[in-house]
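Just one chain follows, in the form predicted alone, and it is written as structure tokens.
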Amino acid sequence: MNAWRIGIGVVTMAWVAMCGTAQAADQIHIKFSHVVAIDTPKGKAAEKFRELAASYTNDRVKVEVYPNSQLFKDKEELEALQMGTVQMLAPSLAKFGPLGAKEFEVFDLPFLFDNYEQLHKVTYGPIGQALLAKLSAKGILGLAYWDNGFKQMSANKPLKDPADFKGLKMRIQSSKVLDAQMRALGVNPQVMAFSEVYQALQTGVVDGTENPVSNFYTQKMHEVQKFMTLSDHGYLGYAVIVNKAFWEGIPADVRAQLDRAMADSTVYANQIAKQENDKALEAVRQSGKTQVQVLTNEQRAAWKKALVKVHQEMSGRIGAELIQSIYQATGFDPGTL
């Protein structure tokens, strides 16, 4: 009798193991690579998507998140996605210009948005969705926009007036619009990967940079920059994208749950973006290493006057019609400056 029970137990354990192996074999793995720290708005949103994807699909999908350029740097990750080495990214919107989708550089235009409400009229509306659709021809599907926040300028000297920038070397992402923005201030722009910026600031390869405060703080740039100006001069956001062939190969029922997980993660991402930047700003102030400066109304007006001319300058590259459609959506009137 005992031998019979032992035999049944062995068979049962083998059956359970076999089922577990089959389930593991059927599990869909998504490698999600990004270049920022875990405790940034994007880092936290990626973790939220990982959790929700597992929950909503009953563990049929396992999302593996690789932060801080663990797998790829800025310039490498889009090619890796197209090749299928990774399945999901959330690159900054400036990254799509070099890929051939120059229209995304509209988000780099300085002082295009005054607040999140104006911004979301574009990213949640038909203009934003039409831009994501343009990625399909590149073998990429755009799923959502995630906010990081509005950018601030930093350097080892005070930056209060446009003339203060003259002659500085400032790091930028690879964007013709950001290049034009910096040149309008008399800056020598330097394109480099995000993961290299701290060392470049530390060694003096560049004098300063622009970033939302959450990136500035989590990458420890406050340790190597004496001044930060709260300029809110531009927006930094991300498009969550996937390899098109991979995504369309996922069973429809599973994909529906992943879409739901992405929608909920996007709500979460865009809710926490401002509060994460506010927390980081307080941490920068508490560190005592970077002096935080606030522009007067007159100084901010001078920045706008110096930089908004970039809109017209870049209209041939981005598309005058696209820029005008955003003006209409947000109520922006450059003629009032």
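Numbering starts at 1 and follows the sequence shown. Here the structure is a predicted model, which is why all the values come from computation and not from measurement.
Below, we turn to the form predicted in complex with a small molecule, even though it does not appear here.
The small molecule is not shown here, but in the model of the complex it comes within 4.5 Å of a heavy atom of residue 35. Interface residue remark: residue 231 is not counted as part of the site for the small molecule in the model of the complex, having no heavy atom within 4.5 Å. In the model of the complex, at least one heavy atom of residue 95 sits within 4.5 Å of a heavy atom of the small molecule. Among residues of the shown chain, residue 265 is not one whose heavy atoms approach the small molecule to within 4.5 Å in the model of the complex.
Shown without its partner, this chain lists 165, 238, 247, 111 as candidates; in the model of the complex, only 238 has a non-hydrogen atom within 4.5 angstroms of the small molecule. A heavy atom within 4.5 Å of the small molecule in the model of the complex is found for one listed residue only; from 123, 181, 215, 152, this is 215. Taken together, the three residues 50, 87 and 257 all stay farther than 4.5 Å from the small molecule in the model of the complex, as judged by their closest heavy atom. Contact with the small molecule in the model of the complex, defined as any heavy atom within 4.5 Å, is confined among 207-215, 239-247, 136-144, 102-110 to 207-215.
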